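In structure tokens, one chain follows: the form predicted alone.
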């Protein structure tokens, strides 16, 4: 998920031969990076270039170029810009390195939710996020004397009052479209309850009290939505808001601007953004991130220098100079009204989407297996058993489990 408009269609190279005064050290190791070309990456790589001996390639085709470039020996780039969606090919190919030793040396200032971990090791550093956060009609809540909800128990109570008042077609919207969206909703809510998806051997572990609680919550929420909720994606929910048909939804922060766009929306000035509802353990929303990885096929000296340069590129000084370019996970970021909900979600302890090959397969199994439960074709116990079985089949085919 990208938070800023793409400003480059092709590739752009940024570089400098000597260090600028704003970098904390003078880099003497020649370094290159390959990232996307949107505004946030331009800001981060420009700050990296201040350290000297650094060339940044910003290219909207980065995702197709990175795998081969990082597999070369030596790697053609030292630093890669990745997201949830582009991280796995590099990780699966073994062309990036774990970062815990470099974090210990140069990254003590990083926040826990910036450390992207798999099996306890840090493999990427997140710099910015998109997340689902609670959007609500503040006029409707105020008219009904309802405080902005902070948990899903409060959301459901508010939904009941809104339904009784009959002020909108449906109290809630939700991205419950069968497939990727539906699977993502389970993951968000399961994380909120504190659930773990796998054991140490990649065997599934969702058939438990947290899984049952997640299904119960999703069913209760769906009862307050348009009956066609299994066809409802982000655009559908956005349009429901714009047309005044719903009062609340946990929707992507990247949709906030469209929801209140005066050229499209009937509810300009009436929608407020707040943290995703907080569960027993953490918010019911994962953080979708963009951040940096360091190539494996480079020398340790190059890796050390690359990490130091990257930390200069995603520091407080850069954020303060480019506050509006992203929803930053970095100290010094001041969220605006449209990004306040995502920032609050992160501040309330939301964790990054747990990107891994196993989670990708589980996400697929959830996306196809949950609809039968929500339509009443299966009960909760059978649903979780069948989803785990579908995952096991896929994981065995992928070589993740025996």
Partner chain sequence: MKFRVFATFVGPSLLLMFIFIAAPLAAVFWQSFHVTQPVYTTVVAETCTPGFINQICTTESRIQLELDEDGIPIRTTEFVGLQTYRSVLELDRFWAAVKDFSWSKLMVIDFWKALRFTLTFTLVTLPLVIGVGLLIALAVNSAAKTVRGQIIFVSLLPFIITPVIGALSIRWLFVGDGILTAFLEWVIERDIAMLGHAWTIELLMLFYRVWHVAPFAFVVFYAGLQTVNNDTVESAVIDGANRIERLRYVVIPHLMPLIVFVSLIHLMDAYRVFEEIVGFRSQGYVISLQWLTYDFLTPDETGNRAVSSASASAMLTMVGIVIILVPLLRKTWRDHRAGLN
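Residue numbers count along the first chain shown, from 1. Quantities reported herein were computed from a predicted structural model and do not represent experimental measurements.
What comes next is about the form predicted together with the partner chain, which does not appear here.
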| property | result |
| --- | --- |
| Contact segment among 159 to 167, 143 to 151, 272 to 280, 287 to 295, judged by heavy atoms lying within 4.5 Å of the partner chain in the predicted complex | 287 to 295 |
| Partner proximity in the predicted complex: residue 352 to the partner chain, non-hydrogen atom cutoff 4.5 Å | yes |
| Contact flag, residue 356 vs the partner chain in the predicted complex, heavy atom cut 4.5 Å | yes |
| is_contact(residue 366, the partner chain) in the predicted complex, heavy atom dist at most 4.5 Å | no |
| 4.5 angstroms heavy atom contact with the partner chain in the predicted complex for residue 332 | no |
| Check all three, 227, 245 and 399, heavy atom within 4.5 Å of the partner chain in the predicted complex | yes |
| Residue (of 306, 129, 249, 318) lying close to the partner chain in the predicted complex, criterion heavy atoms within 4.5 Å | 129 |
| The partner chain: the contacting residue among 266, 108, 299, 119 in the predicted complex [heavy atom, 4.5 Å] | 119 |
| Partner contacts in the predicted complex for 371 to 402 (non-hydrogen atom within 4.5 angstroms of the partner chain) | 371, 372, 375, 377, 378, 386, 393, 396, 397, 398, 399, 400 |
| Outcome for the Cα pair residue 253, residue 326 in the predicted complex, compared with this form (closer or farther; change of 3 Å or more) | closer |
| Comparison of CA distance in the predicted complex with shown form for residue 326, residue 233, at least 3 Å | closer |
